[in-house]
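Below, in structure tokens: the form predicted alone, a single chain.
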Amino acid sequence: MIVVASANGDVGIDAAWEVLAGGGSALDAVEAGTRLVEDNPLDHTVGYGGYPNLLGEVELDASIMEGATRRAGTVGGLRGYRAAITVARAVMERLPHVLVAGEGAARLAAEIGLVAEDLLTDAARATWEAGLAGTLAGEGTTADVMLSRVASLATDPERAAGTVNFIAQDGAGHLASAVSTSGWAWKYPGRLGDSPVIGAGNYCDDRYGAAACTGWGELSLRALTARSVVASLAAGASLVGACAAAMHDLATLGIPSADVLMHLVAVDAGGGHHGVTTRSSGATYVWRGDGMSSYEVAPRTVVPV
């Protein structure tokens, strides 16, 4: 058994492990771990306390996928409910759909008994207001200026590229993966990234492995980065090779290499794990496996593009 998560998953990974240790499923484990990150007001990239869009509205995206059947559920542009991953699972298990967005996602959240709330904390509001005033970059005073800077925000990993990833393999050998995010700070209202798109930010297949992304979602949307990792594993590549190939593929998108911001974590069918980044050294992920009393922090391999 194993659980792997992006670095900010440290607040939930031990809870995910306890699900597995108690005989629970990988699906239950990734949801449990993700929920704790969504509850964390200090993480401004996920759930409650997430940075808002240009209008000051927190919009959440999430996806969950099981490897046995490749069933999946995703939500996009969810407002007013912090547990986006639980709503995504409800899409998978209660509806004949994969993706539900906007008001429909909020309706489903209410139907499953989640409590509506304002997700914009004072800290996130202060950052949003400072950005609109131009104080973060020392320029401009209007939302129009912020619109002109939307593309450049993709290079700011703290405020543009944060997401939480969880991948687990349970005692029966089944894989599951979960991704949740509040997306870019100051994003254009209604923008969806890769997190709610199966194959882009999240993909899981018991036969080969699973991968989940954090970074500039528009790139992984175009390259189907998570799916490309699993496809390489299916073709016989090693886990290290599959992750590197997915990163190198981003270099073909016509984006200056300095602007290509992507991280991913992956687990193969044998329980091997790996994390990569296009950024400088120092990026990490967390994992926990059999015989460990808590999680460990592992370095991500830098794959220059």
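Everything numeric here is computed off the predicted structure, so don't read it as measured data. Numbering starts at 1 and runs along the sequence shown.
We do not show the form predicted together with a small molecule, though everything after this point is about it.
Undergrad: Just one stretch in 93 to 101, 123 to 131, 72 to 80, 210 to 218 has heavy atoms within 4.5 Å of the small molecule in the model of the complex, so which one is it?
TA: Of the options, only 210 to 218 has residues within 4.5 Å of the partner.
Undergrad: How about W184: is it within 4.5 Å of the small molecule in the model of the complex, going by heavy atoms?
TA: Yes.
Undergrad: At the 4.5 Å heavy atom threshold, is R222 in contact with the small molecule in the model of the complex?
TA: Residue-level check for R222: no, no contact with the small molecule.
Undergrad: Flag S228 as yes or no: does it have a non-hydrogen atom within 4.5 angstroms of any non-hydrogen atom of the small molecule in the model of the complex?
TA: No, no contact at 4.5 Å.
Undergrad: State yes or no: in the model of the complex, is some non-hydrogen atom of T163 no more than 4.5 angstroms from a non-hydrogen atom of the small molecule?
TA: Taking the distances in the model of the complex, the answer for T163 is yes, it comes within 4.5 Å of the small molecule.
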